[in-house]
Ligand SMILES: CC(C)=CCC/C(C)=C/CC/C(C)=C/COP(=O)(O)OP(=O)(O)O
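Only one chain comes next, encoded as structure tokens, the form predicted on its own.
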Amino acid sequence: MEMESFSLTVTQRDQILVEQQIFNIFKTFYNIPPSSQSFMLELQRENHVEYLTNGLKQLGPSFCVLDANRPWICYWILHSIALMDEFVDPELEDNTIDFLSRCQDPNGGYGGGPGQMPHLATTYAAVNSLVTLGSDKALSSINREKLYSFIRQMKDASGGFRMHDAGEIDVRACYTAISVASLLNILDDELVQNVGNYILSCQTYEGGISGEPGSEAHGGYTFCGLATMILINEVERLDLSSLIDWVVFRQGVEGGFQGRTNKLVDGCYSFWQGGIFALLKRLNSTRGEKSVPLGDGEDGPDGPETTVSSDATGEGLIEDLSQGGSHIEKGDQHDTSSRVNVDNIDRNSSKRHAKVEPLFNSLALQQYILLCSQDLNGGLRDKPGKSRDHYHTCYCLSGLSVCQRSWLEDDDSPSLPRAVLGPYSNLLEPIHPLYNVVLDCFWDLWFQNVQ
């Protein structure tokens, strides 16, 4: 009797093709001389900076389709340059600030371009861009009072946020609203109220978080949902065990991450999924002492011991940051403890010295980014066969920064050379994982907020 034949699905065929492409790259790499291997693993900083700077100055006609995303282009480029500890020249910085000021709506919030409707996503991108520039001119250009009013108007009765007037309600909107408000120290209990209920309704049976209730778990939404729950100090309400299970299994044989179950690897998830581990690591470091052993088969610089907290409380993450421009009202029903201690999430972790082995293979992810996503002429991409772009450059580099510090017990310590794939010159600036801005830029803004 003949065995019944089964045809491959489109998804299976695409997966096999991607694996073959990546296998060929890895095979070539391991068969070339060590000197050539060193070059392939080197982050081509000068080429990346040139590609990014040119993009900030002028883009071709093909970018017309991104007319409503221009603040995002500014953020992707500026953040990528800052990650490499580089700067734009003063004239280009002034031009960027002036452009973003023209994107700011008279009633608050930022649109995708001058005169366009204000939108939470482009507001997040514009604010992160200005925080990354960090100058007095950049930060003073943000009208915090009107921005707060815009964010409050986007709040929906469900507890979520609308992306724009009459727009969709989803987890991205929750994150961009709460992130901006937290970063600018204008987060209050009115904005926080019932947001946790909405995020909780989006955690799926798989453990990840979807964009809206009833949808499929997705890496970008899971990052946004987890970060939001940390910022509003309700992270203990999530099923963190199943969330960790879901995200761990998103790292594939290629070394990179997929965004959803049974989808292809994509370089941008180096941050959207990799950043989740950075949040969990810092969350763990501010919790109780009880821990349980975990392992992923990757021996670290300090040995194979691995622990992660089993305590589900948010203790240690709370601080009143109401100084300097906050809209907190003393008579509000909820107290100011609803806001996360963003100071502790970075500094307390160095005091607790929690020994936590990464729950993902950080060296394999770095190998994917450097060998498969990096365009040696500048810029990074989704996967082999795709073109470089500013979006993937931003999130591949952000993910690379996360990888390089995934073994640190003390966040104030320099990365161990053994944790950095390729030459130590590949080391990027650290980021604040809740906002995805370079850590120095965050601290500059934080000290301004509390003065």
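Model, not experiment: these values are computed from the prediction. Start at 1 and count along the sequence shown; that's the residue number.
The form predicted together with the named molecule is left out here; the points below concern that form.
Here the marked residues 148, 152 and 164 all miss the named molecule in the predicted bound form; none has a heavy atom within 4.5 angstroms. In the predicted bound form, the named molecule stays beyond 4.5 Å of every heavy atom belonging to residue 110.
Taking non-hydrogen atoms only, residue 407 never approaches the named molecule to within 4.5 angstroms in the predicted bound form. Remark: residue 224 counts among the residues lining the named molecule in the predicted bound form, judged by a heavy atom distance of 4.5 Å or less. Proximity of residue 137 to the named molecule in the predicted bound form: non-hydrogen atoms within 4.5 Å are absent; the residue sits far from the partner. Comment: 266-274 is the region of 360-368, 84-92, 244-252, 266-274 lying near the named molecule in the predicted bound form, near meaning a non-hydrogen atom within 4.5 Å. A single residue from the set 381, 172, 281, 144 has any heavy atom within 4.5 angstroms of the named molecule in the predicted bound form; that residue is 172. Shown without its partner, the chain has 391 as the single residue in segment 379-404 with a non-hydrogen atom within 4.5 angstroms of the named molecule in the predicted bound form.
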